[in-house]
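Presented as C-alpha cells, the chain that follows is alone, the form predicted alone.
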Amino acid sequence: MSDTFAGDAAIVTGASRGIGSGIATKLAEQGASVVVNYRSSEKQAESVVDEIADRGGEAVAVQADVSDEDDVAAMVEATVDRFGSLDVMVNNAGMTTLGPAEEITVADWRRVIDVDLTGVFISSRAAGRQMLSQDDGGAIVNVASMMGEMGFHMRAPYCAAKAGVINLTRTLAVEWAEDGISVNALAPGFIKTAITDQTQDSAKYTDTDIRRRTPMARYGTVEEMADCVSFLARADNYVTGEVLRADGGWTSDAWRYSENRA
C-alpha cells in the first residue's frame, strides 16, 4: 500500500461493481478510508468492503440513492462521523437506457438525467459544502464519458447527461478553486465490464466493431480508470476543471474506422 491518500476519507458512488469498485479499491490501497456507496446491491458492496479489508485497507458500505438529496446528505454525514472528514468525492454512479430517440419516453429520459447528471450535482454540492466547512480543500472527480463530447447512436439521454457533467465539472472547478477544492472529470471510452457487455449487446456492437474504431485497438480496463482517478484526486497537482479522456484515442480519431484493425 502507498500513502498517497493516507489520512483521507473518500466516497465513491456506485462502487459495488465495475469501474466504481476498482476506484474504491485503488484509493484504499493508497491509504484512504473509503465509503463504498451502493443503491440496491448491498451484497456486492459488502464484497468490495471485504476485499479492501483483506488487502489491509479500511472501508464501509453505505446505501444512498444519489438522486435523493436526503440520502446523499446522510451519506456525507455518515462518512464524517465514521472517518472524521471528507477529502475525496468520486461521482461514479450512473445508468443508461438504450433506444432510438423517437422511442425514448420522457420517464426514461428523466431517470437517466436524475442519476447521471442531477445525482452528480447533488453529490458534488454536498461534498463541496463539507469540504468548504473543513477549510482545507479536497478533490471531486466526476466520471463522465467520451459520449459526453459526441453524438452516439441509441444513447440520447446518456450523451446529454454526460455532456452536462463535463460542463458542471468546469463550473464547480472555477467556483471552488480558491478554496483549494479541485474538480475534474474522467471521460472513459469502452471499458470492459459486465455493464458494458450488457449495453453493447443491446446496441448490437461487437468486440470487433469497437476494436476497429479504437486507435489502440482494445478496451480499457477498470484498473486503468482507477489509476486516472487516483491522479485527478491527488492534492498535490495543479489540475482543475479538466476532462481526462481515457478512451484509447477514440475521440481524437477523425477516421473512426479501419478494416486493418483486428
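The first residue of the sequence shown is number 1, and the count goes up from there. Worth saying up front: this structure is predicted, and the values here are computed from it rather than measured.
A second form of this protein, the form predicted in complex with a small molecule, is not displayed here; the remarks below concern that form.
> Using heavy atoms and a 4.5 Å limit, would one call C159 a contact residue for the small molecule in the predicted complex?
Replying inline: It does not: once the small molecule is placed as it appears in the predicted complex, C159 has no heavy atom within 4.5 Å of it.
> Is A144 close to the small molecule in the predicted complex, meaning a heavy atom pair under 4.5 Å apart or at it?
Replying inline: Output for A144 is yes: heavy atoms within 4.5 Å of the small molecule.
> Can any non-hydrogen atom of G241 be found within 4.5 angstroms of the small molecule in the predicted complex?
Replying inline: Close contact is absent here: in the predicted complex, G241 is far from the small molecule, nothing within 4.5 Å, heavy atoms only.
> Is there any non-hydrogen atom of I122 lying within 4.5 Å of the small molecule in the predicted complex?
Replying inline: Heavy-atom contact with the small molecule at 4.5 Å: absent for I122.
> For the spot marked by T4, K26 and N237, is every residue within 4.5 Å of the small molecule in the predicted complex through some heavy atom?
Replying inline: The answer is no; none of T4, K26 and N237 reaches the small molecule.
> Residues in which of 226-234, 35-43, 208-216, 51-59 have heavy atoms within 4.5 Å of the small molecule in the predicted complex?
Replying inline: It is the stretch 35-43.
>> Going by heavy atom distances of 4.5 angstroms or less, which of A93, L172, A139, A126 would be at the interface with the small molecule in the predicted complex?
In response: None of the other options qualify; the answer is A93.
>> Going by heavy atom distances of 4.5 angstroms or less, which of I191, I113, A78, L168 would be at the interface with the small molecule in the predicted complex?
In response: In short, I191.
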